[in-house]
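For reference, the chain that follows is the form predicted alone, supplied as structure tokens.
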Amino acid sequence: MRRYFRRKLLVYGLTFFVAVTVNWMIPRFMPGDPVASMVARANMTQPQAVAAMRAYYNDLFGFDQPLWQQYLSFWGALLRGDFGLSIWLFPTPVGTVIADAVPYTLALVVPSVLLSWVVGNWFGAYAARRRVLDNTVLPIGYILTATPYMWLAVLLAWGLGVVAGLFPVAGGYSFSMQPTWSWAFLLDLLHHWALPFLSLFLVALGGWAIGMRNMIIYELESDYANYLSALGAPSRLIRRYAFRNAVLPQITGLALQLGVIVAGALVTEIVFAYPGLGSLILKAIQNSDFFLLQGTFLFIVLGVLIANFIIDIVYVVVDPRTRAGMAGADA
């Protein structure tokens, strides 16, 4: 088992190195001049003042250095925990800007991923044994899983927000309120959180329900299920074994779909102007903020890698065959 985890850590370490390198490259090959945008915001017109300001910012951010030196400086700062200064919100550190947005994104992604996985698997397993429910869950599931996140978000914002007036369609909380630890503010946060969460939850729910429904039917028609039925085993026992075997591919699917779900969350935040990492990415692109873009992508990469590693550990815990295989390999 130790060899297995060492190999996994090596794979995740190499993945992190490549992802961080690509993360550093993407902003620098994007069109736009971040220093020019900062000079434009300063409303300077005198050529000497503009030249002095450009020289100051180039020296401050290291844009006048060769690319290889910028790359090495980036890794050195990263190992020190320094993500640089935000160009868009200069001179606020990137870490501070990301720390303000991370709770909003986590509040969307974590509940939507976990609840859609649990509820979707439960509905799929139940629909596989009920024809009436199967005839309704399966078509709805196909529609939901084929629906783009942003399209469903727009529909929910229009239907439940604009037309029905039940939920706000923008922001993380009302502009008239100040962030405080009070029930009024928490309820207002929940009110703004409902539609972005619902759009992520519904799209993911359909995929998990369809996957579990198909896996349960496959397991119930397998040889071991027929053998247990011939021996007179209770139907509840057979379904329990079928569910335990069917949930394993769903755990693997969770690891594979995690990046897609996070990407959907970022797009959904932009639709609802929700103050999470998705909105930060949009602002960073609009203002050519290299450091904010790098820091946001880095946090997302780290989050996805850590979540996948946790899912790998959970898979080993719930599947005894994996543990037996690792024990045999170590021997």
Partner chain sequence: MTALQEVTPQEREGVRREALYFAVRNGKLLTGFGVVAVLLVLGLVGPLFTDVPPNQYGPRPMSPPSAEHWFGTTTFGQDIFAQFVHGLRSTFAVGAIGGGIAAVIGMLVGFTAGYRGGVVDEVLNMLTNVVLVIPALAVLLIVNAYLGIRSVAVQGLFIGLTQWPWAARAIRAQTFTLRSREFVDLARMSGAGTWRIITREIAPNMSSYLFMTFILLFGGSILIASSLDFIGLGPTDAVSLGLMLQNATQWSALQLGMWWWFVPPGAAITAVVGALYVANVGLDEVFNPKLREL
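The structure displayed is predicted, hence computed values, not measured ones. Numbering follows the first chain given and starts at 1. The term rigid core refers to the maximal set of C-alpha atoms that superpose within 1.5 Å between the two forms.
Missing here is the form predicted in complex with its partner chain; even so, the following discussion is about that form.
Only one segment in the set 193-201, 153-161, 176-184, 109-117 has residues whose heavy atoms sit within 4.5 Å of its partner chain in the predicted complex; it is 153-161. Contact with its partner chain in the predicted complex, judged by any heavy atom within 4.5 Å, is made by just one of 256, 77, 237, 99: 256. For residue 165, no non-hydrogen atom is located within 4.5 Å of its partner chain in the predicted complex, even though that partner is not displayed.
Remark: residue 263 counts among the residues lining its partner chain in the predicted complex, judged by a heavy atom distance of 4.5 Å or less. Taking the partner from the other structure, its partner chain in the predicted complex has no heavy atom within 4.5 Å of any heavy atom of residue 250. Mapping the unseen interface onto this chain, residue 27 counts among the residues with a heavy atom inside 4.5 Å of its partner chain in the predicted complex. Residues 259, 263, 266, 267, 270, 271, 281, 282, 285 are the members of 259-289 with a non-hydrogen atom no more than 4.5 angstroms from its partner chain in the predicted complex. When the rigid core is held fixed, the Cα atom of residue 23 travels 2 angstroms or more between the shown form and the other one.
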